[in-house]
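This document opens with one chain alone, in structure tokens, the form predicted on its own.
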């Protein structure tokens, strides 16, 4: 035991406070802009909170109960927004996961101008949502939009369904495709080339190499892309706010649009805070389910066995 303690002390260098000093800036920002607002939001959700009034009575779980009461004013708009958010997430996520993967596999090949094409596909992602929204609002306009002029159609892309949803999904895929493709490229670069060479020598075709080498090789990256893409799609706000303005007939009004309008336009901050936490609860559940469904169970089992072995040696 004494020998183990002596060895452990000899491997420590510097002050034990050094890691905390490096973490201090992040912890400070996290506390100021995440932890404190989150706790303050919980306090607001338990009150009939209007910042224009001096008296803000405590209502407990009343704001949350209103979201389950069909007779309350907030019920219809909130669940309509949640339904629209779920619809956009279900429709857009498969495209946001599969198309960037195909683009990444093409850009992973060696050909002249590969770096240029990587920059081209990533370029839209550097634009802000305000630029994207205003640009596509004019391009998709049913009267003078350039999209109808190029396609030779007369479609009301922003004022009729299902074209409004098709337009929002297409714009989102075009805008964010480059980011997911870059993440996939990093994962593809970690797969040793000799795995593909050995599979080719064994007679595996392209589909078999994709299924048995590419998919397992990018498994951790795919989990990260899937979780972040689902969360980003469930938080969609700017595209529908700027391109379709929630229409037609509130059919593209997402949950964040409902919460923003309720809190900042109607000044019902308590009800808006309660809706925010309900949305966060659903996003947390979806994230956990996605992680459990897409993780590599064999690697997780090996890591658990390794941790148990390390603990056994330490004891």
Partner chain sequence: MMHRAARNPLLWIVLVLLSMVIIGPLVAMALTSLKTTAESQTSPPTLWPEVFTWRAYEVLFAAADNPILQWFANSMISAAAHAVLVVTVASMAGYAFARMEFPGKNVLFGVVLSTMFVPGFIFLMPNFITLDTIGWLDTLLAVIVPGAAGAFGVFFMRQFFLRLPKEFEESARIDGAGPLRTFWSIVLPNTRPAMVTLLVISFLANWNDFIWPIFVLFSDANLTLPVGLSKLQGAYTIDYPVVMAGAVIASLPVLLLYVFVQRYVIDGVAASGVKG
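Positions refer to the first chain, counted from 1. The model shown is predicted, which means the values in this text are computed figures rather than measured ones.
There is another form of the same protein, the form predicted together with its partner chain; it is not shown, and what comes next is about it.
Trainee: Would you check, heavy atoms only and a 4.5 Å threshold, whether residue 289 touches its partner chain in the model of the complex?
Mentor: Judged by the heavy-atom cut-off of 4.5 Å, residue 289 is well away from its partner chain in the model of the complex.
Trainee: Should residue 214 be counted as a contact of its partner chain in the model of the complex, where contact means heavy atoms within 4.5 Å?
Mentor: Although its partner chain is absent here, residue 214 would stay clear of it in the model of the complex, with no heavy atoms inside 4.5 Å.
Trainee: My question is simply whether residue 250 lines the interface with its partner chain in the model of the complex - judged by any non-hydrogen atom within 4.5 Å.
Mentor: Residue 250 lies outside the contact set for its partner chain.
Trainee: Could you tell me if residue 136 has a non-hydrogen atom within 4.5 Å of its partner chain in the model of the complex?
Mentor: So residue 136 counts as contacting its partner chain.
Trainee: Between the options 191, 87, 106, 151, which residue brings a heavy atom to within 4.5 Å of its partner chain in the model of the complex?
Mentor: For this set of options, the contacting one is 106.
Trainee: Counting only heavy atoms and a 4.5 Å cutoff, which of 240-248, 90-98, 71-79, 159-167 contacts its partner chain in the model of the complex?
Mentor: Stretch 240-248 is the one.
Trainee: Need the contact residues for 177-201: heavy atom within 4.5 Å of its partner chain in the model of the complex, sequence order, or none if there are none.
Mentor: Result: 177, 179, 182, 183, 186, 187, 190.
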